[in-house]
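The chain that follows stands alone, in the form predicted on its own, written as structure tokens.
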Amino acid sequence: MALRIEHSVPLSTLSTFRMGGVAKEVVTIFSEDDLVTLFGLLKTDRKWFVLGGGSNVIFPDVDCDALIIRVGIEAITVDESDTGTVVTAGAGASWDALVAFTVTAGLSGLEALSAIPGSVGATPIQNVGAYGCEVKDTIVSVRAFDTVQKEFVEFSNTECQFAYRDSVFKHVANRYIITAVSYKLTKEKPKSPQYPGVSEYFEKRGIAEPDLYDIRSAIIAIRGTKLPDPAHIASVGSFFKNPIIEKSQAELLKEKYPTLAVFPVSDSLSKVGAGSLIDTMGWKGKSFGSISIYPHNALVLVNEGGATKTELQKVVDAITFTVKEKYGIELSVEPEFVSEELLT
């Protein structure tokens, strides 16, 4: 399939937060050959920006002169060997469609990451995770186009330098374009996420040994009660990262605020639920005009319509300042704020 080029595309249609100006030109590639062709034609001074499903991106209120590149490679292949099963998915495939595919195939490893919006190619960049699982736990390799050397390269799991909501790809902006990701999965009995909400779900239904379908159904149901459907409510899901702090500090906070969600990370570190920090401030459901905090989850910010980058930033600043003042904890945002400099 040839390159698809679209003109004058509202950025609000390309991001689930539904904010931004107008993109001058959007090109979608459907094969690695398309990518080679595109960069053979691009002028060296032409700015460009890769966009996945737009579920973790915040655009500024300016029009975009830079070329927006979207990867439409969606093929999924399965490689069986004596060492296990490797599933490779094109970067443009829907993440949840891939999870559904693996569950149907009886392969365990991704089921706890069900119902996360976005594309496959975005998951290693952010090291997407939920319910105690991260994509780094299963990723074997990431294939990408090096726009500097004009060649395809493969990153091993180690070379991806995965960390909490982080990877090497976040630190080499506009060099690598991910085209495919390979995951090593297993046919062994799946392990249910050890989270209170998940355990309660199975207990209520009398499911002692949940299978892949049970776990996927549970995660979809639980996420549905906590996170808005981006097709109906403008948001990017979890807006703040869960801070990791000293265990001693976490214990003091838990003693003072018993409802705080605190999880052990190591012998000396603990993770504190950012949503519970905001919730304890009594801000769940709070309206700031065009921006509000989702009434079912204090970790989610909602664009009520017509929000601007300035208005959003004021809300983010208010939340981070108040959390810092009350708990002594510095919150950091999870979605990528695209700079005006990159787009204009």
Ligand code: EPU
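Residue numbers here begin at 1 and follow the sequence given. Everything numeric in this text was worked out from a predicted model, so none of it was measured.
As for the form predicted together with this ligand, it is not shown, yet the points below apply to it.
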query	finding
Residue contact check: Lys284 to this ligand in the model of the complex, 4.5 Å heavy atom	yes
is_contact(Thr308, this ligand) in the model of the complex, heavy atom dist at most 4.5 Å	no
Residue contact check: Asp34 to this ligand in the model of the complex, 4.5 Å heavy atom	no
Ser276 within 4.5 Å of this ligand in the model of the complex, heavy atoms	yes
Triplet Arg223, Val236 and Ala261 all within 4.5 Å of this ligand in the model of the complex via a heavy atom	yes
Answer option from Phe155, Tyr131, Tyr176, Phe162, heavy atom within 4.5 Å of this ligand in the model of the complex	Tyr131
In the model of the complex, the one of Ile291, Ile58, Leu299, Leu51 near this ligand [non-hydrogen atom within 4.5 angstroms]	Leu299
Candidate stretches 91-99, 225-233, 138-146, 70-78 - the one whose heavy atoms come within 4.5 Å of this ligand in the model of the complex	225-233
Contacts with this ligand in the model of the complex, stretch 182-219 (heavy atom within 4.5 Å)	Tyr195
